[in-house]
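Take a look at this single chain in structure tokens; it is the form predicted on its own.
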Amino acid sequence: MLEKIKFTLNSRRGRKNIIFSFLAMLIAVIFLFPIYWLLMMSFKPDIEIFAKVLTYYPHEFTIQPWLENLQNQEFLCSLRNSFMIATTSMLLSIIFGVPAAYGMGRYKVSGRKIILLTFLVTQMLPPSLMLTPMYLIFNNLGLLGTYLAPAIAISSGAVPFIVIILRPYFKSIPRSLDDAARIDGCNLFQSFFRIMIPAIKTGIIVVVVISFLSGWNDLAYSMTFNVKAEMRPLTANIYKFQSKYGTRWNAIMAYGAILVIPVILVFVFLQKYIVGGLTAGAVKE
């Protein structure tokens, strides 16, 4: 074992690996520290949070802020709203984005470069720029105050992203697969669902995750188009912990922790698909 360690330290490649590993761990610690601090603050009483001596872990452990949130009907209602908006926007994005990416990737579409350039430009536009025209459109359609209005707004930004991500996947699939499916009796739709979709499973998982998280983290569209306060998601109701008597920081931290837990779980359980899918999409274009 000692000889192996000495060989690693003496070799140039071994030293580089050690340096890169140390840098990777340092970067991980820096990026994960806010999440650690969020969780620790959520388990501290307010007295310990405002104590003169800073503590890096809860000396007096409490789960009361978590229980207050989870037993609050307004919180549960906001949690349901977040799931409704995120799920609806994800479904709309997938329904329209995947077939559009298939068409752009497998067929010669006139004006393809202009369309793709337009899609890229839409990714640079801030949501605040789209609020007024969308508000007027949704008002005329009678969609204000529904889950559909923010979901459509979110998916309008997610669909171009899906096309940009999935188009290289569809382009990379050999034409012979299409021909083999047609010889076996598949029509266009059967070939799409039975051959193409399973062939780009990794890319589909990536766009599903990103579409869901776009809806889950949305604030601007939900605050603007959901005029009914009881239909607003978690991101829009965090201000309720501020009152004229002060701010309940441990309750806010518990609220924030519950808000980010689904995001963390998604990346933990699907990380190999997300990393592999993004890398594959980058090199096949």
Partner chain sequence: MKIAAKKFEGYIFALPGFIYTVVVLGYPLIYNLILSFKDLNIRNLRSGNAVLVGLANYKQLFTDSTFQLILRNTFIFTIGSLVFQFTIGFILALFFSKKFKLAGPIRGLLLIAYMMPIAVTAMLGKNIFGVSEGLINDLLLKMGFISEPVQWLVSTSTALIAVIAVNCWIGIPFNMLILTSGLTNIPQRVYDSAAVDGANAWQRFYHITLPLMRPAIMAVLMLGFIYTFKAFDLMFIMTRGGPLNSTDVLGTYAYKLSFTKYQFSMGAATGMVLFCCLLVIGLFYLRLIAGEED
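We call the rigid core whatever largest set of C-alpha positions still superposes within 1.5 Å between the two forms. As the structure is a computational prediction, the values presented were derived from the model and not from experiment. Residue numbers count along the first chain shown, from 1.
Here the subject shifts to the form predicted together with the partner chain, a form of this protein not shown in this document.
**Student:** Just to be sure I understand the contacts: of 115, 205, 199, 180, which is the one whose heavy atoms reach within 4.5 angstroms of the partner chain in the predicted complex?
**Tutor:** Looking at the other structure, the residue within range turns out to be 115.
**Student:** So the partner chain isn't shown here. In the predicted complex, which residue out of 123, 72, 172, 87 has a non-hydrogen atom within 4.5 Å of it?
**Tutor:** Partner contact (heavy atom, 4.5 Å) among the options: 123.
**Student:** Any of the heavy atoms of residue 131 lying within 4.5 Å of the partner chain in the predicted complex?
**Tutor:** Contact with the partner chain, yes.
**Student:** Taking the partner chain as it sits in the predicted complex, is residue 76 near enough to touch it, meaning that at least one heavy atom pair lies within 4.5 angstroms?
**Tutor:** No - in the predicted complex, heavy atoms of residue 76 and the partner chain never come within 4.5 Å of each other.
**Student:** Is residue 119 a contact residue for the partner chain in the predicted complex, using a 4.5 Å heavy atom cut-off?
**Tutor:** Within the cut-off, so yes.
**Student:** Using a 4.5 Å heavy atom cut-off, state whether residue 160 contacts the partner chain in the predicted complex.
**Tutor:** It does: once the partner chain is placed as it appears in the predicted complex, residue 160 has a heavy atom within 4.5 Å of it.
**Student:** Is it the case that 41, 135 and 238 all touch the partner chain in the predicted complex, with a non-hydrogen atom of each within 4.5 angstroms?
**Tutor:** Every residue of the candidate spot has a heavy atom within 4.5 Å of the partner chain in the predicted complex.
**Student:** Scan 14-47 and note down the residues that get a heavy atom within 4.5 Å of the partner chain in the predicted complex; none is a fine answer too.
**Tutor:** Counting only heavy atoms within 4.5 Å of the partner chain in the predicted complex, the contacting residues of 14-47 are 16, 17, 20, 21, 23, 24, 25, 27, 28, 31, 32, 33, 34, 35, 37, 38, 41.
**Student:** Quick check on residue 51: with the core superposed, does its CA move 2 angstroms or more between the shown form and the other one?
**Tutor:** Shift at residue 51: 2 Å or more after core fit.
**Student:** Superposing on the rigid core, do we see a C-alpha displacement of 2 Å or more at residue 18 between the shown form and the other one?
**Tutor:** Result for residue 18: yes, a 2 Å-plus shift.
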